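What follows is one chain in structure tokens, specifically the form predicted alone.
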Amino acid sequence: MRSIALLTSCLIALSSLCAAELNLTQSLSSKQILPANFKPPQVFKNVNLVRTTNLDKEYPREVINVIIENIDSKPQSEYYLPFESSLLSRVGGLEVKDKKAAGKLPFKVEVVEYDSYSSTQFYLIHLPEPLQPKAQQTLSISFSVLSALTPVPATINQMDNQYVQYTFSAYSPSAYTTEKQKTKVKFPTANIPDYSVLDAPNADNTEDPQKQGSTFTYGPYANIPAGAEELVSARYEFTKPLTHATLLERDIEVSHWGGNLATEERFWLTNRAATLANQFSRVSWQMTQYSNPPTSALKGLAMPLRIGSLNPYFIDDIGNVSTSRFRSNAREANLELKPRYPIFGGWKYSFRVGWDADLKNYLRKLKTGDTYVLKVPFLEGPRQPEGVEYARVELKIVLPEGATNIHHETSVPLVASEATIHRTFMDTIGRSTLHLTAINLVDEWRDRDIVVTYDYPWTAGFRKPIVIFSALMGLFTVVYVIGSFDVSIGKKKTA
């Protein structure tokens, strides 16, 4: 018995020492503070810039293709991209690539701040190689803007169509002079009752904007100075919900013993659509369920899961929600969620969903050593035709007890990453856990994975059985010792 207890103590001490070796990669985003009188050095010029804004979803998606030229006498590698301060906090998923080498990794991007009271802040783009004097490079800059659409009018009747307004600058914001540029805006419909028309003609001496179906083109414009803007707006029909998740907590738990990958997601949703002018009518709502007309209410959520997912559940603040459907076969696994009530503009709904999966589909062991590689989606969640936006995503990956030398890598821009210990039933030192935080994501990031590598020696797998065995043997010993005591009151009879 003493030898078993001694062995258990040695294993616990060894695990504690190994846990100190926990090592994490740094987050992919950072913030740099610059002097208050900072101005981007005028070492570049934009030779030609084309900005495309896609409004088919609830969040505008912008792609800026720009040819930059180094006009300085020295090689330059830092390109500044300005944003209005109120807009910067809602920009998400900003990526910069070489337009002519789209297969390469994105450039390093970080937020810089030079004056907290300034109306303009910057992203700093690091070119992978310094651009030589008079040399040119084509950049492809893409990002999304959250909470950018405003319902106009703000209140509507239950069966009315919804119109939203989008305000932007006809000139693409730039910290450098732009020789030639234009902006294309793609609307989801041709029903655009109100939009801005600029008084002065563009460089082609034509009406601004030019209309082709549901696409508007502002420009081209010539020789636009740095920092120039021309605010315009458009109001168009968008009778769809504006689904906004203020917070998504996503937990992934790895179990080597059970060969299981357990996932749980907790959502705090709100619909940013126009609010109801009158009280909600259940009768009118049920009458429309057969014709299924467009509505700004959120009626359901479709969650495509990885093939092989099983045992799903759907729970809200009241309890289990039975109005869900799970379809799984060898080609797909779809979880269809239907809330207890339609979520109209201004309404909120919080719930959690979870499911299991076979661990072997996500985990592999290297041929040499005790290193394992885990590859899981950073974000899953619903996939809606109108899109879903996430203000904050917190991912927690719980690894087996005894995992050490932990590293992670992902293309999702992170704002925070830390390592903690998660303790649950029959744990000794607790399980190593990654906490990763990202902000301003959209459902298009569903296809991005996170890769986690860690060491897990075979001896660590016997920690819990030894602890359970030792605890049971200790309990039996205590019961045996207590049972051997004579607690009787009367004297023992002698022969």
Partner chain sequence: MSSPLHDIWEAASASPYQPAVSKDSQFVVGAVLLFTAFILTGVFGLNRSIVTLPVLGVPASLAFGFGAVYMICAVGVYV
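Residue numbers count along the first chain shown, from 1. Given the structure is predicted, the values throughout are model-derived calculations rather than measurements.
A second form of this protein, the form predicted in complex with the partner chain, is not displayed here; the remarks below concern that form.
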Non-hydrogen atom contact R331 with the partner chain in the predicted bound form at 4.5 angstroms: no
is_contact(N260, the partner chain) in the predicted bound form, heavy atom dist at most 4.5 Å: yes
Heavy atom of L359 within 4.5 Å of the partner chain in the predicted bound form: yes
Close approach of Y290 to the partner chain in the predicted bound form, 4.5 Å, heavy atom: no
Interface segment, criterion being heavy atoms within 4.5 Å of the partner chain in the predicted bound form, picked from 435 to 443, 41 to 49, 448 to 456, 55 to 63: 448 to 456
Candidate from R383, R235, K186, H256 lying within 4.5 Å of the partner chain in the predicted bound form - any heavy atom: H256
Among the candidates D317, E409, E418, D204, the residue which, in the predicted bound form, approaches the partner chain to within 4.5 Å (heavy atoms): E409
Sequence-ordered list of residues in 220 to 246 near the partner chain in the predicted bound form, where near means a heavy atom within 4.5 Å: none
